[in-house]
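Presented below, as structure tokens, is a lone chain in the form predicted on its own.
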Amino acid sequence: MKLKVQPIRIKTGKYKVVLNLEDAKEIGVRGGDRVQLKNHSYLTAVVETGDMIEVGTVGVYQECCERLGKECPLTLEIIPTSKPSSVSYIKKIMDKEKLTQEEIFQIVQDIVRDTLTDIEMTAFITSTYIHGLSTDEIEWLTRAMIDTGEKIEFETHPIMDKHSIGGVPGNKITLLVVPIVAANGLLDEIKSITEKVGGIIAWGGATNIAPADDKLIHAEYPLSIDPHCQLLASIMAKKGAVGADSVVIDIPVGQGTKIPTIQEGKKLARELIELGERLGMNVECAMTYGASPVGRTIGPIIEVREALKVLETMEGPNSLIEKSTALAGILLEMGGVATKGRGKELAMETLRSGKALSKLREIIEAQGGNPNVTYKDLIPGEHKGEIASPADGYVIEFDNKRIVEIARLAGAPIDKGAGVWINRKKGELVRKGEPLITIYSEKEWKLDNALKSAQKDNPIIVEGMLLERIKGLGVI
């Protein structure tokens, strides 16, 4: 059926069109079915139906318009087509059947190409969350995620890399680990910068390596789930795509983290090491304390300020210095520039001597930044407020998730100057009226929202403080 085109200037993240219910019935399709859009070539799109589009017209979303040409065509021929074969493979996972390597590759390829609908993506995520995948299937999933994206092939080796599985606020150790390791001779644009100065600090989402990972994370977010098999594949695919030879993986454990117990941490470490061996990578894991933030800051500018201050002066939170040098030390030993058991010592010396700072300045300059920036130049948001301690005593409880929620209400990470400065951490003494946390924001109304949230549900508990007052109805 040939229909007039009505461009819809909205991006959906998928190839989608809208048909009037009468036209959809005439063609023989329903919402969620697929059609081919015939112009000079063919494009497959998912159908939505409704009365917003007139009979004889097809609504074409922005992605389809861009794919069809600079300007949407005046008319398109709409041809019903079948679902991709990967949909039947997803159903096999739902039925607890094993997949072949080719079937897993097809699923991942369709994810990258945006061929699957949101419902089909959700089915894949929930079925792997419930039933899991075998060791072979996880390896194949990882390889498929690597092969369906761009790869970075370096001329020099070894390629050293680090990763944290997350779940701990303020985990800014990359800003110390990368320059420490690069200063000791280990480690498109990413390739050229790394080969020039020996290291780079880059966000994986800014690249096209393992693009299926970002799409899966986006689909998982509304469900608040992270399938174990996809966690493993996600970590190792990004490392495989850059050709990493040696990888150290930080596994924070403790209350409020992704991995609450040491036993679970050890199990995850074994799985990551085994997957690394299958992929030809040397992997070591470091379990770290995760029940409290790393350092005292959560938020872009204040986190960088805290890390830079350590690099410039060696003054800063012990948790940040110890964790950074411990992980950097493991990489130095894996890379052969430090003998076994002496890596942390070399990392600490590299930090104290200023070599790490010099290397970071090289990296900043190579990435287009100001190499002369100092921690004093980094000023947080102009609006700030404090949450004071209601009593004398020691901090006995600390809620990581609440600290992150408060930082987000203040505007972080979108507003670079927003965040939370932690004045007292677990086990530290505080006097009544002294600040427990300081909240920074670039906008006054966001600061007000963050303060109200913190006052209503304090993320820090001081021994002896009144948690809640419950009133009775009174006596008449």
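Note that this is a predicted model, so its numbers are computed, not measured. From 1 onward, residues are counted along the sequence shown.
The same protein also has a form predicted together with a further copy of the same chain, omitted here; what follows describes it.
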- Item | Candidate from K443, R431, K38, K426 lying within 4.5 Å of a further copy of the same chain in the model of the complex - any heavy atom | K443
- Note on the structure: Checking E137, E120, D114, E333 against a further copy of the same chain in the model of the complex, the residue with a non-hydrogen atom inside 4.5 angstroms turns out to be E120
- Can you check 253-261, 365-373, 310-318, 87-95 and let me know which stretch has heavy atoms within 4.5 Å of a further copy of the same chain in the model of the complex? 87-95
- Query: Can any non-hydrogen atom of Q106 be found within 4.5 angstroms of a further copy of the same chain in the model of the complex?
  - Reply: no
- in the model of the complex, Y289 touching a further copy of the same chain (heavy atom, 4.5 Å): no
- Message: Although the partner isn't part of this model, could you tell me whether P435 comes within 4.5 Å of a further copy of the same chain in the model of the complex, counting any heavy atom of the residue?
- Response: no
- Task: Would you check, heavy atoms only and a 4.5 Å threshold, whether Q62 touches a further copy of the same chain in the model of the complex?
- Result: yes
- Note on the structure: Checked 23-47 against a further copy of the same chain in the model of the complex; residues with a heavy atom within 4.5 Å, sequence order, are K25, E26, R30, G31, D33
